[in-house]
Every structure is written in structure tokens, then in C-alpha cells.
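Next up: just one chain, as C-alpha cells, the form predicted on its own.
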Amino acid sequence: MSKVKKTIKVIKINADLCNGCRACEVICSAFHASPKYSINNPARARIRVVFDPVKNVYVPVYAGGYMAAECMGRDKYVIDGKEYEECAFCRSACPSRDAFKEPDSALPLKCDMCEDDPPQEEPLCVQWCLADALTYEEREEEVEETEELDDLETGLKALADKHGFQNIVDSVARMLQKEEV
């Protein structure tokens, strides 16, 4: 495989600055509503603010890719004297938790950096973060060229992993029959 230059877009998170206001969740869910800004449902946001009431810690996490299986590790991390569980930092939609899944369909959600037409200068969660816990960074990197699945393929793969490919085929066939009637 050949190497290609790719622009890597990253939201850097400073959990020590997060005050748990959840403005990032609100603007993300409103931006991704249909039609845009028509409703606010943080369960549809591509960013979550995880709160640990025992340690009084807020950790913003934005959605990454879909994982077909849950991870094997349940490690704990200590950062600046605070203890965090591995799942708090996990950006994946996986079978073991409901985070980063569309609440109605259970399809995985993934951060799209608020790409829009016209393009945003930076993602809305970064723009709306009053505590400056979120910052946006772009950099050029050489990466191996890979074929990425589009959103529809990712969603279908998630459904196939959960319900089985044959059940999806049968459901689509039933839907087509209903449309023909």
C-alpha cells in the first residue's frame, strides 16, 4: 500500500478545564437535528460529557468509529491524581454500552467535525465551549491508504453485526413488498 498525505482533524480535550456545562452536547445535537437546529436531544450528540460524581470530574468525549466487539481491557488511568476508567475515554460505539448510538435505530454515531456547506472554521462544540476545555487542531500526516466505509455501509455493518445479515435482507424484502402494494 502507498502512503498518502492526509489532513488529520482532532479535538483536543483538557478534562481539567471542563466544568460540565454540556453546551457542546446541546449544540452538537441541534446541529445534527433534521432539519438543522429544530430540536435538542443530547442522546443524538456526537460528543458526551461523562461525569463521575464520586471524584467530581467531567470528561468530554467525542464519537469515533464503530467497534463490532467490546474491548477486553477495563484499565484505570490516573491523571493528575484523579482516577478514570478506560470506558470514560472510549470514543467507540460498541455492543457493551449505549453511548454514541442513535437512540431510535441504535446505529452508531461518529463525529463529523461539523462539516457543512459552507464549511465551519472549527467544530461547533469547540466554538461553544465556554471553559476552553475543547480546542481544534489540524495537521498533515502521511498515512497508509485505506478504503473507508461510508456512513451507510457503517450503519449496515452495525445492524448486520447486531441482527445478522439474513435478517436485514429479509426486512428489506418485506419493506419492498409493502411499497409495491
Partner chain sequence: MRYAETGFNLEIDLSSGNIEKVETDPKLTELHLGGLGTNAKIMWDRVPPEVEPFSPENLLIFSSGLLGGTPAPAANRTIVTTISPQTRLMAYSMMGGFFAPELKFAGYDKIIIRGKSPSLVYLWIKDDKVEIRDASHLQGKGSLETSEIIKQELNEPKAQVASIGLAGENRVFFSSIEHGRSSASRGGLGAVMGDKNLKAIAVRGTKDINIARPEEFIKLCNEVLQYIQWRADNPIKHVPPILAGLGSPQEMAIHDEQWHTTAFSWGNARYRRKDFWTEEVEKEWTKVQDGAVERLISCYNCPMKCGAVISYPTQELSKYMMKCYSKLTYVMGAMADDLEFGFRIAGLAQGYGIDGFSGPQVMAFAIELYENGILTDEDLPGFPSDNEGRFFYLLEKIVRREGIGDVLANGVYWAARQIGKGAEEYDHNTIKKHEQIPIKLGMLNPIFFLLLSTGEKINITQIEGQLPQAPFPNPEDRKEFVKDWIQVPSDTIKEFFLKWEPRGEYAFPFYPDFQTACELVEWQETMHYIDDAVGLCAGLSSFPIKPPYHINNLPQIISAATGLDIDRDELWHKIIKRNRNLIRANNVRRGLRRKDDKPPQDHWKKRFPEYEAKLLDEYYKFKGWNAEGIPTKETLEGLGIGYVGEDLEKRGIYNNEQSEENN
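This is a predicted model, so every value here is computed, not measured. Residue numbers count along the first chain shown, from 1.
Another form exists, predicted together with the partner chain; not displayed. Remarks below refer to it.
- Exactly one listed residue, out of E141, E138, D151, D52, brings a non-hydrogen atom to within 4.5 Å of the partner chain in the model of the complex: D52.
- When contacts are judged by a 4.5 Å heavy atom cut-off, N19 counts as touching the partner chain in the model of the complex.
- The partner chain in the model of the complex is approached by R44, whose closest heavy atom lies within 4.5 angstroms of it.
- In the model of the complex, at least one heavy atom of I27 sits within 4.5 Å of the partner chain.
- P103 belongs to the set of residues with a heavy atom inside 4.5 Å of the partner chain in the model of the complex.
- Within 4.5 angstroms of the partner chain in the model of the complex, the stretch 34-50 places a non-hydrogen atom from each of K36, Y37, S38, I39, N40, N41, P42, A43, R44, R48, V49, taken in sequence order.
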